[in-house]
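Shown next as structure tokens: one chain only, the form predicted on its own.
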Amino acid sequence: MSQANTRPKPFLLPDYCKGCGRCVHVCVQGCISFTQEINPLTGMVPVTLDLAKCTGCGLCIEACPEPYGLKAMEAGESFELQDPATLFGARRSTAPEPVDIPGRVIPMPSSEPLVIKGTYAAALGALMAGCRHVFGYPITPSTEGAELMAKLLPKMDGFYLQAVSEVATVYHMYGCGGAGLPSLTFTSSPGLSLMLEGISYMIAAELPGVFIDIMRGGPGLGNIGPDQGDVKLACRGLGHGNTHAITLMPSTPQEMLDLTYLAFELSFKYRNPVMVMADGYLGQMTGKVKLPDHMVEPGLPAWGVYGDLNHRGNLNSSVFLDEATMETRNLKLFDKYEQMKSEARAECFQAEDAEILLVACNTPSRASKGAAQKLREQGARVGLFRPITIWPFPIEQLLPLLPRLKQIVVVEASKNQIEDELRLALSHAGITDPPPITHVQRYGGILPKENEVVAHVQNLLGRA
């Protein structure tokens, strides 16, 4: 038998092949070629071997930069991947198993209320919640919140970074959340659109972070007027994949503070981004704000990739290339989304005996409350249902009010975006014959006004 027939021929382990092509170029017999078939475990395109003309010269094995890529196999020999712990022994580390380091509640002295705008109130809420890392890119009408953080954080051993773009911003937050630290950004509608891919990655990797979106008129660049056109993004479009995040809808500067504070608690409770959505008026509106009686010094979760010895074994990842593993991750996220539904919140105003129920969030809810009061004075039984979370929609709080209702009126500064969340929640709750639903809507940076809501309800009553 000739020497060429006795020399071992190469064997390819596709999971280690990156398709670099070095073996292709050194093989004089043309036994190795590129393919177009992606390996689902690695996302790479490994080469393919046709060894009919192979002489066993070994040049391809020498050229392969991966130690387990191309192997020399004797006739009848097989190769099995081995656990590195078997090959090299267990990882040697003196580091203890990481544990949660609890945060600390610091009492605050009593103070007089502040009169500040909504973005400032949200910034103070973040500081009270222990946020010391803020990343962002200026965009009207949210910039003042970032500016205040840039002034205050250096005095509080904190850090503000103006990123090169909104895309960069969300990945700074990915890294900060991955370390187990609270982080925040202020943005507005076009900026949120640019962040969606990164938010999807944060959800997949189960990382916390708070996004304050001061919504403005669109689509496109639009204008800086108040709007509610980002609801569909927050509820149904947080990047690719099956993504959801608790979405809070404040209506006053006080709630800008309180709900931002709450957002950090929820973000770490569920290891998931949390959205705080306000219209442009609310971001710029001045109001009385009472500070909480305490602030938080955050701890460090056991899962954080903090960079110290105790946490060196941790890993946060959104990469699950095997389909079965990716499905398992999705199922885990779905279970978490179900748990999030317990956080649904709403506020009712004169809704217990209402026959006509106004549904509104943010600044339009204040106009709707004024309309309900005026209509009550005229003898109409009108109430207000204000979702504080738009996702999850507070359907359980709404259901007891339905039997008495003759009409639901959704008041919003968008085209059916809040109404669609209401209708979808009713459908999922098995309500196949809800009360008639109409709406008062404005678009492009204009909010519905109190007199428009009153006129709409009066028209409904006149037709009854």
Partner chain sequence: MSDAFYGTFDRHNEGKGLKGHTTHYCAGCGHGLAHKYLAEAIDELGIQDQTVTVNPVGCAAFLHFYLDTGHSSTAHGRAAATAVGHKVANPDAMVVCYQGDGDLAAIGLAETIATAQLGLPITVLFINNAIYGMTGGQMAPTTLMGQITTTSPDGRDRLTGGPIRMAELIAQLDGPVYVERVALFSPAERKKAKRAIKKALLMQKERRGYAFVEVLAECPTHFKTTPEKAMEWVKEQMVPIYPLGVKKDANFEPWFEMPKPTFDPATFLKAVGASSEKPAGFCKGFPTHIHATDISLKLAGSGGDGAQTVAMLIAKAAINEGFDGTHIPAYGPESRGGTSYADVHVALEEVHNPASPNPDIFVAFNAPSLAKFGHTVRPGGTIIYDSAVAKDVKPVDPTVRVVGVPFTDIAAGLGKMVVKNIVALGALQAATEIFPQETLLATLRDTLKEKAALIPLNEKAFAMGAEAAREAMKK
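Being a predicted model, the structure only gives us computed values, none of them experimental. Positions refer to the first chain, counted from 1. The term rigid core refers to the maximal set of C-alpha atoms that superpose within 1.5 Å between the two forms.
Missing here is the form predicted together with the partner chain; even so, the following discussion is about that form.
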Problem - Non-hydrogen atom contact H133 with the partner chain in the predicted bound form at 4.5 angstroms - result: yes
Practice task
Could you confirm whether H172 comes within 4.5 Å of the partner chain in the predicted bound form, counting heavy atoms only?
Solution key: yes
Exercise for the section: Using a 4.5 Å heavy atom cut-off, state whether G30 contacts the partner chain in the predicted bound form. Expected result: no
Exercise for the section: Mark P387 yes when one of its heavy atoms lies within 4.5 Å of a heavy atom of the partner chain in the predicted bound form, and no otherwise. Expected result: no
Exercise for the section: Identify, from the list T438, T42, T55, N416, the residue with a heavy atom within 4.5 Å of the partner chain in the predicted bound form. Expected result: T42
Completion exercise
As a check of understanding, the residue in V99, L331, M156, A324 with any heavy atom within 4.5 Å of the partner chain in the predicted bound form should be identified as M156
Handout entry: Stretch in contact, per heavy atom within 4.5 angstroms of the partner chain in the predicted bound form, of 242-250, 389-397, 316-324, 335-343
Key = 316-324
Problem - Joint contact, E147, G229 and L375 to the partner chain in the predicted bound form, by non-hydrogen atom at 4.5 Å - result: no
Problem - Stretch 274-295 - residues with a heavy atom within 4.5 Å of the partner chain in the predicted bound form - result: G280, Y281, Q284, M285, T286, G287, K288, L291, M295
Handout entry: E452: Cα shift of 2 Å or greater between the shown form and the other one (core-aligned)
Key = no
Handout entry: Core-aligned C-alpha movement of Y16 between the shown form and the other one reaching 2 Å
Key = yes
Practice task
Taking the rigid core as the superposition reference, indicate whether the CA of C27 shifts 2 angstroms or more between the shown form and the other one.
Solution key: yes
